[in-house]
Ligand code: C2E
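Only one chain is shown below, in structure tokens, and it's the form predicted alone.
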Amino acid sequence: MQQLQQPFQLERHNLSVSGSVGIVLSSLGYENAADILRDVDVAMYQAKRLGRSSYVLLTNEMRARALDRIELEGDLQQGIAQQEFDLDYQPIIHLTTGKIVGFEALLRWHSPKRGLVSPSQFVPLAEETGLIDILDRWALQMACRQLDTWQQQFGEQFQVDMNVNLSAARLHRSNLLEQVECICDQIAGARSALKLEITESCLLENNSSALAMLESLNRAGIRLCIDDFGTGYSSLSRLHSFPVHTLKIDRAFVARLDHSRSGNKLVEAIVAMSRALGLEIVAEGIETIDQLRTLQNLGCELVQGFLFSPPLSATEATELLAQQYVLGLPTPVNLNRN
């Protein structure tokens, strides 16, 4: 590695390079060259993550993690082919009226082999492998179809938004707008009710192609929501330039409510800023009555969380909507959670 860093002359320029080195030992018991190349590749990428001019010696633990990842990727591909995914729906509640004004559609993987797989496990892998394009498109189609079913069931009185998460990687796909418009054109009312949720980290990258895609979606009448707001560090000064309609306060801020004055002040500042910019604001992760009361006092009107309802199957969500549109009942608060 030291030798690699020595400068060399190319025409009239002095240049230098660095290397990332992955190392495996024969003591790990290899029987063929393909396994050696696979493992040394794993070690090399671990070295690259450490920064310039680093090396990593592969361990049994690292190899086990790499094999698990390879197996998970295979299961994920099979899960998509075998249609092992579905959507749950978590209600978004208006505190003044007690009514459901929206749902967040949440992707679920029910693997016959692994059971219920956490999104934190499979979503990053899907993004790395490009499989997220298939999953995002499927989730959008299914959410809009469910929205259409509810519109037909509850009639003109039905006014509920559908929030669908969009991977950051999808913002760089040139065909995203075409796909979203195609789905919306197939389902009456989908365009006016649909909201695409993107994480705040998407905006911190300062990528011109992503911003251009957001602006195109906005011009097409698709509303945009920033999820996990408050977890980034540099978007406040640029927030006014993003074509977004809604901010979601990250659950980490909600969890700190009433535990410290600074927690309340942060949420109060986000609410005030949102109002000044004309943005809708939703607090997520509400679990206690005290959090609910604090948010009401701070002027936050839209909430979601286990205090009202966990994510529900389509059947359960339909039953909850029937209470509102057929029986005229407000959404119940789970008073057993204190």
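So that there is no doubt, residue numbering starts at 1 and follows the sequence shown. All of these numbers come straight from a predicted model, not from anything done at the bench.
One more form of this protein should be noted, the form predicted in complex with the ligand, which is absent from this view; the next part is about it.
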Exercise. With the partner left out here, if you bring back the ligand in the model of the complex, are 99, 102 and 315 all within 4.5 Å of it by some heavy atom?
Worked result: no
Exercise. Which pick from 167, 246, 264, 146 sits with a heavy atom within 4.5 Å of the ligand in the model of the complex?
Worked result: 167
Exercise. Just one of 171, 107, 196, 217 has a heavy atom within 4.5 angstroms of the ligand in the model of the complex, so which one?
Worked result: 107
For this session: Tell me, please, which stretch of 111-119, 187-195, 146-154, 173-181 lies within 4.5 angstroms of the ligand in the model of the complex when heavy atoms are compared?
Result: 111-119
For this session: Find out whether any non-hydrogen atom of residue 287 is located within 4.5 angstroms of the ligand in the model of the complex, and reply yes or no.
Result: yes
Exercise. If you check in the model of the complex, is residue 251 within 4.5 Å of the ligand, heavy atoms only?
Worked result: yes
Problem set entry | Heavy atom of residue 45 within 4.5 Å of the ligand in the model of the complex | no
Exercise. With a 4.5 Å heavy atom cut-off, would you call residue 306 a contact of the ligand in the model of the complex?
Worked result: yes
Problem set entry | the ligand in the model of the complex - contacting residues of 76-102, heavy atom within 4.5 Å | 90
